[in-house]
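So this first bit is one chain, no partners, the form predicted on its own, shown in structure tokens.
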């Protein structure tokens, strides 16, 4: 390989790495009511992935009463939505009552709240801008 090809290859690889730049999504959860169990969270890139239940990434962290913080790493630029729940009894399911209402805490990015169901996607959207190092969102745990 001659020097000209080496330089062109290096420049091309540099451009590729700029296009695949990764950022973190910092998530802060308010109102966790106990240290029992764990928090299970998913982040979805785009409305289609949210609607089809195909997360970009998932995370499980021990629950801590009060405020909890964690982050999703290595996300590319785009729109994201976070959903999570407090699995108090460690059975890996969001428990519900006979009417289908959750009996464990749950929440969504941007502190979005639904009305007789989950909130609208547009209310949950967190944008990671191209070239950004991170983005932040808050989730209010609802019990």
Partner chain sequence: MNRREFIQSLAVLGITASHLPTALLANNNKTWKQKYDAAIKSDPRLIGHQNYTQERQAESLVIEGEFPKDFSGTFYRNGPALLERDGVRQKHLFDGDGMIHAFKFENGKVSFINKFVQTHKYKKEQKAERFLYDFSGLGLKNTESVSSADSINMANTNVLPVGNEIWALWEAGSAYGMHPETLETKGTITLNAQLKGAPFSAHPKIDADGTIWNFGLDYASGQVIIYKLNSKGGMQKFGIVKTDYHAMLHDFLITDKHILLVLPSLKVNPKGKGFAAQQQFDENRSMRVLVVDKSDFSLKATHEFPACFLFHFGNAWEEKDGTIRFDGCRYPNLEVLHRMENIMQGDTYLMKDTISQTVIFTIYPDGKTKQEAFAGSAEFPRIYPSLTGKRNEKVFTIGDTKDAQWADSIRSMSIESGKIDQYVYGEDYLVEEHVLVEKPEQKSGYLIGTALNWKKQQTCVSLFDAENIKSGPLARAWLPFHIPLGFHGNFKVV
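Between two forms, the rigid core is the largest collection of C-alphas that superpose within 1.5 Å. Positions refer to the first chain, counted from 1. Source: prediction; values computed, not measured.
Not on display, but discussed next: the form predicted in complex with its partner chain.
- Of the residues 62, 66, 114, 78, just one reaches its partner chain in the predicted complex with a heavy atom at 4.5 Å or closer; this is 114.
- Contact with its partner chain in the predicted complex, judged by any heavy atom within 4.5 Å, is made by just one of 74, 35, 26, 58: 58.
- Among residues of the shown chain, residue 138 is not one whose heavy atoms approach its partner chain to within 4.5 Å in the predicted complex.
- When its partner chain is considered in the predicted complex, residue 70 lies well away from it, no heavy atom lying within 4.5 Å.
- The closest non-hydrogen atom of residue 93 lies within 4.5 Å of its partner chain in the predicted complex.
- A residue is said to contact a partner when one of its heavy atoms sits within 4.5 Å of a partner heavy atom; residue 118 meets this definition for its partner chain in the predicted complex.
- Looking at 96 to 111, the residues that come within 4.5 Å of its partner chain in the predicted complex, counting any heavy atom, are 96, 97, 98, 99, 100, 101, 102, 103, 106, 108.
- For residue 53, the Cα coordinates differ by under 2 angstroms between this form and the one not shown after the core has been superposed.
- Positional change of residue 115 between this form and the one not shown reaches 2 Å or more at the C-alpha, relative to the superposed core.
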